[in-house]
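Take a look at this one chain, the form predicted on its own, written out in structure tokens.
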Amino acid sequence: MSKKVIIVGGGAAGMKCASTLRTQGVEVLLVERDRTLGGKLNGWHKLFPTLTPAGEVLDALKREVAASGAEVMTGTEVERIAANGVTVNGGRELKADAVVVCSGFDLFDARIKEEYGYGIYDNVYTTVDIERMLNEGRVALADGSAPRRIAFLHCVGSRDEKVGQRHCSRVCCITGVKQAMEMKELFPQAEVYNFYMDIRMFGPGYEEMYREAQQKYNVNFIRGRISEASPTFDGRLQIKAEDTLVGRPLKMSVDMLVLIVGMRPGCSNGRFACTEGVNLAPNGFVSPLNPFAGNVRSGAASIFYAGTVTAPKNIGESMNEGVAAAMSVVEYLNAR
């Protein structure tokens, strides 16, 4: 098949889409803005619910892309998309018979929620920071000591109308459970608390992991949001919250506060939506043609989607959509 497809974004969805298209004889150009493929996978430690090292999944995807012979262009930002190709930084136009948008999501900036003190007080971290520390093999407080009490706060930048983030990011709950278990493994004597609005364990193995966190690791779950955090005279953090199950206010001193940050629509979505047939949902993610039969298609026949560009998803779902998008592209090219 002498047809060419440009894939925008070299994360899990984009890499899987590229290697799948190559098995169908399609010429592929995979364009990634960073200097290396992998997207957010590069920053993750272990993946839920199996606790598989993220590096294993990433390496397997990279090997697939390399073996497929797909052309890869890194360090290149896609400025605009069109029915017949893309425009990259510098105004260079790249032509193709179809485009698959796999540009992913952005992480919520926890500094926006000033009441939690991220970037202001020591020992306030995000789940992204914890993943990095786990990868580096060194999780500790700012002074290098081990935490004795750790609090996780769910839904930071999700289901929050005050910051324009009304949607559920879906993977935050299980991320908080996974990291709470990892903290208990690192610091068996530490008390670990998860403050949540609702626990949403939607995936296979997620509910079991949630139960294991309580029964095996003794992680404490408190239904209620933390309203604020402030430093104490002895260098700890005091958090204020409400236990909504018993209807009582709560104060607690902790050594470490971990903010479980959600997914934001990708910053490129607005630019891409200038293209006819590419539309945004009210939450800012790109809207697929049809959520059932056309979840990887756009309103333009030659533009397709895969992964978290359309909504929050886990790694497995993103990879599956990469395959689905590739096969939809092949169907489209064969019909031309």
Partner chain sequence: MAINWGFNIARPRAVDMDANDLSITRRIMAQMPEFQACIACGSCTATCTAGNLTSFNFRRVHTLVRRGEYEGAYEEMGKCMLCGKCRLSCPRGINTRGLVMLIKRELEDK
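Numbering follows the first chain given and starts at 1. Predicted model, so just to flag it, every value in this text is computed and none were measured.
One more form of this protein, predicted together with its partner chain, exists but is not displayed; see below.
K.L.:
Taking any heavy atom pair closer than or equal to 4.5 Å as contact, tell me whether Val139 reaches its partner chain in the predicted complex.
P.N.:
Although its partner chain is absent here, Val139 would stay clear of it in the predicted complex, with no heavy atoms inside 4.5 Å.
K.L.:
Do Asn89 and its partner chain come within 4.5 Å of each other in the predicted complex, heavy atoms counted?
P.N.:
Because no heavy atom of Asn89 falls inside 4.5 Å of its partner chain in the predicted complex, the answer is no.
K.L.:
Is there a non-hydrogen atom of Arg149 within 4.5 angstroms of a non-hydrogen atom of its partner chain in the predicted complex?
P.N.:
Arg149: contacts its partner chain in the predicted complex.
K.L.:
Is Asn218 a contact residue for its partner chain in the predicted complex, using a 4.5 Å heavy atom cut-off?
P.N.:
Yes - in the predicted complex, heavy atoms of Asn218 and its partner chain come within 4.5 Å of each other.
K.L.:
Check each of Glu207, Glu77, Asp160, Asp106 and return the one that places a heavy atom within 4.5 angstroms of its partner chain in the predicted complex.
P.N.:
After the contact test, the surviving option is Glu207.
K.L.:
Only one of Gly247, Pro188, Gly144, Gly164 comes within 4.5 Å of its partner chain in the predicted complex by heavy atoms, so just point that one out.
P.N.:
Selected residue: Gly247.
K.L.:
Looking at 209-217, 261-269, 98-106, 167-175, which one sits within 4.5 Å of its partner chain in the predicted complex if you count heavy atoms only?
P.N.:
Contact-bearing stretch, as computed: 209-217.
K.L.:
Using the arrangement in the predicted complex, list in sequence order the residues of 125-140 with any heavy atom within 4.5 angstroms of its partner chain.
P.N.:
The stretch 125-140, when checked against its partner chain in the predicted complex, contributes no residue at the 4.5 Å heavy-atom cut-off.
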